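Take a look at this one chain, the form predicted alone, written out in structure tokens.
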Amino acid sequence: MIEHFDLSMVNWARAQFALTAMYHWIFVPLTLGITWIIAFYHSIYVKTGSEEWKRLTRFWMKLFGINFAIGVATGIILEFEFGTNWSNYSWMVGDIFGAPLAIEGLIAFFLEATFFAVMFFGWNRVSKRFHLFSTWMVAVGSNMSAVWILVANAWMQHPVGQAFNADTARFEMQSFSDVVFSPVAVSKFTHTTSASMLLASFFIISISSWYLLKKRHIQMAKRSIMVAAIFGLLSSGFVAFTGDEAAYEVAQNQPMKLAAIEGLYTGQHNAGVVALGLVNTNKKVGDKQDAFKFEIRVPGILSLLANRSFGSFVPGINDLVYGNARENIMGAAEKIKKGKLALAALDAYKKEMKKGNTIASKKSLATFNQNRDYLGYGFLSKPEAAVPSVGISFNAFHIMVFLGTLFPLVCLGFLYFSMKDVLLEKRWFLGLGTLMFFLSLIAHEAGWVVAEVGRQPWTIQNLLPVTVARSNLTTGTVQTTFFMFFVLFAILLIAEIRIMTKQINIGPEEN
């Protein structure tokens, strides 16, 4: 059952997918978040009839439209790569993974695209109320698209509502509702969309701060900042709440990821979180080296966050690799044995079925069913292979948390100075404001690094490692397409920046 493969090809395929996904995510959160703020601006215009609010709404719509177009193009490439570089994955889980993607394309994206045209070209062509309705429906459609994409990703992190068919060697859906309403899917959607709202708020704040520094479009910039700061403050609170819930789900379903993002090698009762630390990158699983070159921990908090209980035990990397009988934790070493039993039994089942030996095939199938939960571990070469990159996971997570702590303070500052009407005098604060979009983008990308790097080596948690999910391609083929996409993305990014900066320099249309 275990085939020889080119690890270099797998790594290049992973790099290509990471490149595409991270580039795509430059545009997606802005699309998700800014549509709600634009709809709110539009509502104020319809309510007040103020031409100033109309100009403001149309300006942010234009920037959204530019971002939306590039985002769609990169999203198509991302889905294309499932079939090229990860065809085994697509074939094995297509019944499950394909369902939410199909719904996203047929319903959510169709809804979004239909009202998108009315929102952009309906000024003075349809009634104000229907035009406003279209703007709100674009916001709804955009976030409905996110629902199904995030449901698909959440299933990869926590596979539920499925069963492995031994006859076809495919994963098949058993309960669509379990897939959609998985706690991991719910927390992932709420955390991602609230974080997107925060990023969109900072996009508006950054551009408006630049206008105020240049003393251009002052009234428009002040109004934009006031609304965006309120949205940003509210969404930052929701980001913290949903982030806590997401961390709890990680602790319950992906304990190795939690151990990696906290650099926890030896499990502890009353475990603390690392407030500040420098990871020892030379540290290996099971050795005697210190995990950190220096660290500042807050005692007890990790146990509370992971298990909702002070003093509870949080397993470390060593516990999860080698096991901990005292805490009733099965290690990866034992799971690999069970996984190899499952693979051998599956192979025997298929051979006996071909021979028509019903009794032997049933016995093999029974053995497989006893060990099928560890199927993916049978493909791992050693227990240590179940450990993700601790350094990358730890640093990405703590960058995200540090920036997430900064964001509500900045929103409060903008709200306070706006209410006091002294923003123009606080040039240092406006300078900080111009950077906030880029800092929030870094936080978003870091969050996805945590989500994806932290669950390695799995494509589907515990069931399908990346080495099995690959396509049968040569390293040279994947390298060629990697650099083709790299050049394409660079051109698109340059075009995006030039078009966006040109429109920002032009500013809102004047009366």
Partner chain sequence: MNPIPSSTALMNPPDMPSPRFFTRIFRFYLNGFRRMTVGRTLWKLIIIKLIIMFAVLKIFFFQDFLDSKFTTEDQKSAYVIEQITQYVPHTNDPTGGKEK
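Residue numbers count along the first chain shown, from 1. Because the structure is predicted, anything quoted here is derived from the model rather than measured.
From this point on, the text means the form predicted together with the partner chain, which you will not see here.
Of the residues given (357, 369, 312, 84), 84 alone sits with a heavy atom within 4.5 Å of the partner chain in the predicted bound form. Site annotation in the predicted bound form: the residue of 174, 127, 328, 177 reaching within 4.5 Å of the partner chain with a heavy atom is 127.
The partner chain in the predicted bound form is approached by residue 341, whose closest heavy atom lies within 4.5 angstroms of it.
Taking the partner from elsewhere, residue 159 is found to have every heavy atom lying beyond 4.5 Å of the partner chain in the predicted bound form. Although the partner is absent here, residue 181 sits far enough away that none of its heavy atoms falls within 4.5 Å of the partner chain in the predicted bound form. The partner chain in the predicted bound form is not approached by residue 446, whose heavy atoms all lie more than 4.5 angstroms from it. Although the partner chain is omitted here, in the predicted bound form none of 42, 234 and 246 has a heavy atom within 4.5 Å of it.
The stretch from 410-418, 394-402, 211-219, 376-384 that comes within 4.5 Å of the partner chain in the predicted bound form, counting heavy atoms only, is 376-384. Counting a residue when any of its non-hydrogen atoms is within 4.5 Å of the partner chain in the predicted bound form, the hits in 437-472 run 468, 470, 471, 472.
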